[in-house]
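Single chain ahead, by itself, as structure tokens, in the form predicted alone.
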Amino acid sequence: MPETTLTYVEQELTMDGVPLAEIARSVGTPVYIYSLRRILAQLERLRAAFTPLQPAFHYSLKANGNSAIIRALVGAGCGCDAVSAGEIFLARRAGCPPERIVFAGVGKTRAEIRYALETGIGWLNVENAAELRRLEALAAELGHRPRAALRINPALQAETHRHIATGHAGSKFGIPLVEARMLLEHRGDYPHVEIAGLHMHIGSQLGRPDESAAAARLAVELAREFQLKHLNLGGGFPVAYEGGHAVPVEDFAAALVPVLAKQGMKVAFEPGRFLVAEAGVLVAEVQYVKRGGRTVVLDTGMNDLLRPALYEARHPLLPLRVGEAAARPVQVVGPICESADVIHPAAVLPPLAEGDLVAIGVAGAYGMSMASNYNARPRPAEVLVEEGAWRVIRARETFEDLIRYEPKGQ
């Protein structure tokens, strides 16, 4: 993470000038901490990169659904990309106008579509012909005519992790181009749905701008063939985790702008990870040091941060206080009763002792949003750092929260 977000001041790790240990002492651990300044700076970087297109940006709520973060991004002009009725609810609760909400998702239920229509959201991204028929029937029943974009699958294998590649022929996402063309040729069969655009998202953590440009060309050609004026190219702009390289978003803009400019189309993107990942850390406390100092056990694990177990992701780890001792590789693990609960197999850290604090970096995206109560562990608190101060934006769960929805007296 860049020095503008995390820096050591008098040997203490700070976020935008606020000592992380101060927050941990007050709130306890584990705790997610986010920099609002960094989140908004990432949005401005995107806007600057794609200035020639003047695109709409819809924040992808699945990356981090905390209402304080959604509200801040909506206030900065973002719309919201939702993949469930629950996320539509969160977007509206955070003040997002319904016309700036896009509803995506591969398995929308009738109840979810009905909720979206009754809420009056701006767009639905349709994933298959059966969904389009379901949308037509519900729109007719409710007397609505929603705008829809067909999510096309360009059958392109993006250079990314297999679990987050979504545009290849074997993916569950999207409509094959041949089928999409047939649906567009028969738009008259869906009088209660305005099919006004195309949607495409070929994956997350994308590695090659030329692949994104090639996919965009296919979308542009199909849109022009059927006089569609809206093109939503999803997100996927990468961030750098430990040991990895992130192609700058400016390189993606350099590849995409020539393809999209002067086409007479309104363009949208759905960034999520790019906005929030590098803005967040997960602070944890060392519980035990084992195997002659070669294994460190923290009070957080795969229940709070699933990415290392799910994607073999490597997050940088930083001590909250540095000294003179030389760093060395150590295995960092969590407390969960699973062998997969390894946060880092060989993090380079100075000698740690029980009670020391560490920050797991680049944890603002797909951390808390994937957290669970596995092993009956309450989920962490969340804190927002803003203008030199901090505040709790989600309280730590309690034991009582674990049984909140069970019948009384059971």
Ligand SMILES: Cc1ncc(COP(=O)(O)O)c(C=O)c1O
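Keep in mind that this is a model prediction, so the values were computed, not measured. Quick note: we count residues from 1 along the sequence shown, nothing fancier.
The same protein has a further form, the form predicted together with this ligand, not shown here; the description that follows concerns it.
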Study note, to complete from the structure: The one residue among Gly334, Gly79, Gly236, Pro154 placing a heavy atom within 4.5 Å of this ligand in the predicted complex is Gly236
Check your understanding: Only one of Glu270, Glu278, Asp304, Glu87 has a non-hydrogen atom within 4.5 angstroms of this ligand in the predicted complex; which is it?
Key -> Glu270
Exercise for review: Specify the contacting stretch among 375-383, 56-64, 32-40, 342-350, defined as having any heavy atom within 4.5 Å of this ligand in the predicted complex.
Suggested key: 56-64
Check your understanding: Does Lys108 make contact with this ligand in the predicted complex, using a 4.5 Å heavy atom cut-off?
Key -> no
Practice item. With heavy atoms only and a cut-off of 4.5 Å, decide whether Ser204 touches this ligand in the predicted complex. Key: yes
Check your understanding: Listed by sequence position, which residues of 355-374 have a non-hydrogen atom within 4.5 angstroms of this ligand in the predicted complex?
Key -> Tyr366
